[in-house]
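Quick setup: one chain, the form predicted alone, written in structure tokens, and binding and motion questions come after.
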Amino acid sequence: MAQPAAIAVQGLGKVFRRGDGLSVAALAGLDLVVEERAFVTLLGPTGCGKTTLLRILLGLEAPSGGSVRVAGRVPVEGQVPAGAVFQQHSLLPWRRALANVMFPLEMRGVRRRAARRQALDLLRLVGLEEAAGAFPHELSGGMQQRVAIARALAHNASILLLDEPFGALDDRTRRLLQAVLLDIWESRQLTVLFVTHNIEEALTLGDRILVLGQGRILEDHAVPLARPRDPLSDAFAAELLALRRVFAAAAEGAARGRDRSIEA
């Protein structure tokens, strides 16, 4: 029996108006379904609309057309039942790690003692309990992203949206945080939509890989590999090669799209 949809998008379009009177279509007729408790990676080159899609799912951008539902509701800024993590961590620099994780709990009206206890539990979950008293600038990039993940989980949402959260990290730290994220997804039974332009990362993490290009889904690929995945295996290499071919086509389409405008 199919799982119910945590995210459902149909015919989604988004057009941005440029200062010269022309408009550019970032998304065009995009259809997307993410089932509950799935780990889906959204793979695409720069300029293909990945971040625009996530901003629409978070209620930060209004669609130009089509329908969008997150946990059965139309996204409204500040009311979306999802946590979000971006490449830039967006932690509050004047608040220590613990206080940053407490912030969403405080905004929901959780009492301070309970908020502190829950925040400590979340920092423990990402392996950063000992850094609770550190300010963001005192943490490494990987540690900052762990705090950002803990803060996203503090929204008590069952859906986690991540926009290239490990893109600025070195390979060793990226692999470590990938493992941390997979553990959290499995233990908390989350639905995860993870945006990346890194093909190996998409294959390491996702049960499904959606290749985005020209404003729509070009490929919906079910990953046949069991976990944990060995990046040195022949099966992994074969999947990687197939995805690179699709990604190349998407990148070519995105490059053409950057040069194409429509009359406003």
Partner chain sequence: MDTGRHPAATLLRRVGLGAIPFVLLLAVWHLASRSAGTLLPAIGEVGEVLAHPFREPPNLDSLPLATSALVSLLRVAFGFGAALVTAVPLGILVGCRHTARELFLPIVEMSRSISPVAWMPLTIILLGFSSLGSVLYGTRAWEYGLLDQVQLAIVAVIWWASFFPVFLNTMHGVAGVRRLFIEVALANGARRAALLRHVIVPAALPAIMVGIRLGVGRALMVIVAAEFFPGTRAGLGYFITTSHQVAQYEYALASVVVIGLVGLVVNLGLYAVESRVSHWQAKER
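Residue numbers count along the first chain shown, from 1. Because the structure is predicted, anything quoted here is derived from the model rather than measured. Take the two forms, superpose them, and find the largest set of C-alpha atoms that agree within 1.5 Å; that set is the rigid core.
Although it is not shown, the form predicted together with its partner chain is what the next lines describe.
*Asks:* Only one of 235 to 243, 50 to 58, 37 to 45, 198 to 206 gets a heavy atom within 4.5 Å of its partner chain in the predicted complex; which is it?
*Replies:* Stretch 50 to 58 is the one.
*Asks:* Quick one: from Ala71, Ala168, Leu182, Leu139, grab the residue that has a heavy atom within 4.5 Å of its partner chain in the predicted complex.
*Replies:* Selected residue: Leu139.
*Asks:* Of these, Glu77, Asp121, Glu130, Glu186, which has a heavy atom no more than 4.5 Å from its partner chain in the predicted complex?
*Replies:* In short, Glu77.
*Asks:* Report whether the minimum heavy atom distance between Glu106 and its partner chain in the predicted complex is within 4.5 Å.
*Replies:* It does: once its partner chain is placed as it appears in the predicted complex, Glu106 has a heavy atom within 4.5 Å of it.
*Asks:* Is Arg172 one of the residues lying within 4.5 Å of its partner chain in the predicted complex, judged by heavy atom distances?
*Replies:* Looking in the predicted complex, residue contacts with its partner chain do not include Arg172, since no heavy atom lies within 4.5 Å.
*Asks:* Is there any non-hydrogen atom of Arg117 lying within 4.5 Å of its partner chain in the predicted complex?
*Replies:* Arg117 lies outside the contact set for its partner chain.
*Asks:* Heavy atom to heavy atom, is Thr191 within 4.5 Å of its partner chain in the predicted complex?
*Replies:* Flag for Thr191 set to no.
*Asks:* Using a 4.5 Å cut-off on any heavy atom, which residues of 75 to 95 would contact its partner chain in the predicted complex?
*Replies:* The stretch 75 to 95, when checked against its partner chain in the predicted complex, contributes Glu77, Gly78, Gln79, Ala82, Ala84, Phe86, Gln88, His89, Ser90, Leu91, Leu92, Pro93, Trp94, Arg95 at the 4.5 Å heavy-atom cut-off.
*Asks:* Relative to the superposed rigid core, does Arg175 relocate between this form and the one not shown - that is, does its Cα move 2 Å or more?
*Replies:* No, the C-alpha moves less than 2 Å.
*Asks:* Look at Gln189 and decide if its Cα position differs by 2 Å or more between this form and the one not shown after superposing on the rigid core.
*Replies:* No, Gln189 moves less than 2 Å.
*Asks:* Compare the position of the CA of Gln79 between this form and the one not shown after a rigid core fit and state whether the shift reaches 2 Å.
*Replies:* It does not, since the Gln79 C-alpha is displaced less than 2 Å between this form and the one not shown after the core fit.
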